[in-house]
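This document opens with one chain alone, in structure tokens, the form predicted on its own.
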Amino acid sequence: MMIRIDSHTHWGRCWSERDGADPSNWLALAGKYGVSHSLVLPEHGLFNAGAIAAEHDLLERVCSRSQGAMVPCCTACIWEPVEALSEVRRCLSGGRFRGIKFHPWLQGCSVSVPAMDDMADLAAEFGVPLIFHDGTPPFSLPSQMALLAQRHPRTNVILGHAGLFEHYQEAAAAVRAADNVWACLCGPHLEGLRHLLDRCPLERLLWGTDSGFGLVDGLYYRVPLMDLLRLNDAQAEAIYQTNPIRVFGLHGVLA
């Protein structure tokens, strides 16, 4: 059975309020759709900078109980750059966290500030990607992330939504503009997905659902939508398995 990795999920507060740190319900839902592994991004910390460290500790507990099926990522508030770098280094030093998530629109941070350059250098040091919410002006456009990627060629930059509904063409252009920009097919409509599949290098495409912000079954929409693309075996293996293993450095990490 092929590994199917969901490269964009969140352990939302609604999940922790209902299940604590028990991932059983999450794993059952993922398994229903053939998702074997999930990259789990923060949620509460994107809204509340004061909750970041505690959320990281919770994510680590949740993922540690998943038998390797859930892999945590961290975030930071770069308005406090010294503290941000220290917290991210704390997470990455343990080896379990495999990416750094930013939501410039919610967090109110531009990708052009010096602290983001420092964060990109830290990501390169630990061999993990920067994952961005993208597709939402004014701070979260794919072209802005592409400029960051061009300044930091050793750091992989993931467009977490591949431009959403309106900016998927810009996302495709961003992927072509820098060899270290990746697109997660988690946002565009069907025509947008086809556009990205046709115009982006296959080896830099990922798939995700954005599941976890609520208890609504997001896979119910995202999985059949991808099925409409009728991916061939090589495309499916690359997007669902090979590419996420490579960009997140999951060799030897996945159970």
Partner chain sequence: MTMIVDGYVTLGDGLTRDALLRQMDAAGVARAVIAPEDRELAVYNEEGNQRLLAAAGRAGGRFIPACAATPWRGEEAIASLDRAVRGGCRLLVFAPAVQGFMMTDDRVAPLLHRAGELDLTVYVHTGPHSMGAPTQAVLAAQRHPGTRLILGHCGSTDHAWDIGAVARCHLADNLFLETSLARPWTVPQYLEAAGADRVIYASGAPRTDLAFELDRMRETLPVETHPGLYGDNLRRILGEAG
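Quick caveat: nothing in here was measured; it's all calculated off a predicted structure. Residue numbers count along the first chain shown, from 1.
Separately, the form predicted together with the partner chain exists; it is not shown, and the next lines address it.
*Asks:* Looking at 120, 78, 181, 164, which has any heavy atom no more than 4.5 Å from the partner chain in the predicted complex?
*Replies:* Going through each option in turn, the one that passes is 164.
*Asks:* Choose one stretch from 166-174, 110-118, 81-89, 150-158: the one whose residues place a heavy atom within 4.5 angstroms of the partner chain in the predicted complex.
*Replies:* In short, 166-174.
*Asks:* Is residue 228 a contact residue for the partner chain in the predicted complex, using a 4.5 Å heavy atom cut-off?
*Replies:* Contact check for residue 228: yes, within 4.5 Å of the partner chain in the predicted complex.
*Asks:* Residue-level contact is defined here as any heavy atom of the residue lying within 4.5 Å of the partner chain in the predicted complex; does residue 65 satisfy this criterion?
*Replies:* Judged by the heavy-atom cut-off of 4.5 Å, residue 65 is well away from the partner chain in the predicted complex.
*Asks:* Given that the partner chain is not shown alongside this chain, does residue 135 nevertheless sit within 4.5 Å of it in the predicted complex, heavy atom to heavy atom?
*Replies:* Yes - in the predicted complex, heavy atoms of residue 135 and the partner chain come within 4.5 Å of each other.
*Asks:* Does the partner chain come within 4.5 Å of any heavy atom of residue 44 in the predicted complex?
*Replies:* No, residue 44 is distant from the partner.
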